[in-house]
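A lone chain, given as structure tokens: the form predicted on its own.
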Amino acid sequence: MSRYIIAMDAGTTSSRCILFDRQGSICSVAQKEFAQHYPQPGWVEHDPMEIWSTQMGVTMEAMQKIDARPEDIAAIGITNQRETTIVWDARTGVPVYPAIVWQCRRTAGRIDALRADGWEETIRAKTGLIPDAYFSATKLAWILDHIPDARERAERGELKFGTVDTWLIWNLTDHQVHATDYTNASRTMLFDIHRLCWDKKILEYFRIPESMLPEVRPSSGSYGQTVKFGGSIPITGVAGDQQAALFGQCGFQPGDVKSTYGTGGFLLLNTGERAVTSTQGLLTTIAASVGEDVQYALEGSVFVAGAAIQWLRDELGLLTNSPQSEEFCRQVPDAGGIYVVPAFVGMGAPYWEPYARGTIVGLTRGVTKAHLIRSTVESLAYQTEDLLRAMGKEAGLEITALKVDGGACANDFLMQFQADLSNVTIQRPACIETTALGAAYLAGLAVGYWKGIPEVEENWSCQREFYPSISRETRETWRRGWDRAVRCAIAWAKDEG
């Protein structure tokens, strides 16, 4: 009997592989960062071949650590950075251009044109998304517009498009399977989330040949087999990272909510079989589920969360490693009156200001390195609080408890600050790798490794809870300061001449 499920976690800054057992426990893990490319201000790219090679490398490493053979693996689940766009030659498998990352803002002008053409409401009604350069559609159109002969080749059926999950599946199956799942398709701004199909009118508007697009399948089901690891292993689970995290947090019922603190920050609320249209700047998206019937979710998206900590480490050199940020946060009693708004690539929900830029306000001569680090860490909580307030209004409910996951949720200071700021109980699970765990659950349920949802739910346990501990007056003072700082970040863009 197979002992493990493989979860391939193709993130924004690294490739990871985790092997889970039936208790949802981590048995082996391997991770490798890959290069981030910024060819122009606001542009972000990855090398698709590096994504593929690092994902292969960490999977083999994780298997070798516990001497796992192909016959020990019941199935593979894949979860991935969403919206990131890759186009490749259908015959050779060679990308025609670097992957354009979800954070990339190069197509903001194309979104302005879309709105001027009167397409905003059509996009929202069909895809559930607020038109933005964040999503795949304008990135794909940009490649077709700017790479010589790309559009003509696409029309002849010579090019394939996919998000990172599709790219990995294509390579894992030796170019036999060109597919994605409902969750990733719902993030392209090309997919009708109600009729569950690629929308022909939107494709015509962007002049994207439908032949480029992958087949769309349920998140838990067959995506072919791979023989890349010495034997045949089925690929049976696929979901975008945030939907996978909600599934890994056992957010199976309407009203379940989770917040992920990864490269970006993402709050998802399960709305069941009902697709709720937002009036608060949130997105309507498809949630990961088992079977043909889809569930929906409301989502708030923050473009820069953990990436702000990486900025402190890599660009400013203020940290040796990311966990060190908690130590600096505790060296000072507060942020020294400063606020960092990390709008490096614009602002997502609930503002949707593509031209906003990173801002630091309130600087005085007494501000220290520790203050700057603390205020940057606090920005993750403030942005999540923006989403929580919008989500509460949208759903007509008071959110009193929040399940958290992602690498930054290991920071106890951040979690306590979030509880204080938002006046909610923060519940951190025993396994914070819920994105990978969700992909594993989807894969395992498809092959009977887990017999059903109740067996999966038994695996969830809370490692620690954080409770609010400050006064209402202090909380409101903090929020007012943040709101002023956000207005400054937006005004910087609005006043650009």
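All of these numbers come straight from a predicted model, not from anything done at the bench. Each form is matched to the other, and the largest set of C-alpha atoms that superpose within 1.5 Å is called the rigid core. Numbering starts at 1 and follows the sequence shown.
The form predicted together with a small molecule exists for this protein as well; it is not shown, and the discussion that follows is about that form.
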item	value
Contact label in the predicted bound form: P323 to the small molecule, heavy atom within 4.5 Å	yes
is_contact(F303, the small molecule) in the predicted bound form, heavy atom dist at most 4.5 Å	no
Touches the small molecule in the predicted bound form: P218 (any heavy atom, 4.5 Å)	no
Contact flag, A74 vs the small molecule in the predicted bound form, heavy atom cut 4.5 Å	no
Contact segment among 403 to 411, 231 to 239, 390 to 398, 177 to 185, judged by heavy atoms lying within 4.5 Å of the small molecule in the predicted bound form	403 to 411
Listed residue that, although the small molecule is not shown, lies within 4.5 Å of it in the predicted bound form (heavy atoms), from T271, Q427, Q310, N171	Q310
One residue of P214, G128, G251, G262 in contact with the small molecule, assessed in the predicted bound form (non-hydrogen atom, 4.5 angstroms)	G262
Core-superposed C-alpha of E327 shifting 2 Å or more between the shown form and the other one	yes
Threshold 2 Å Cα movement between the shown form and the other one at E83, rigid core reference	no
Core fit, then R110 C-alpha moves 2 Å or more between the shown form and the other one	no
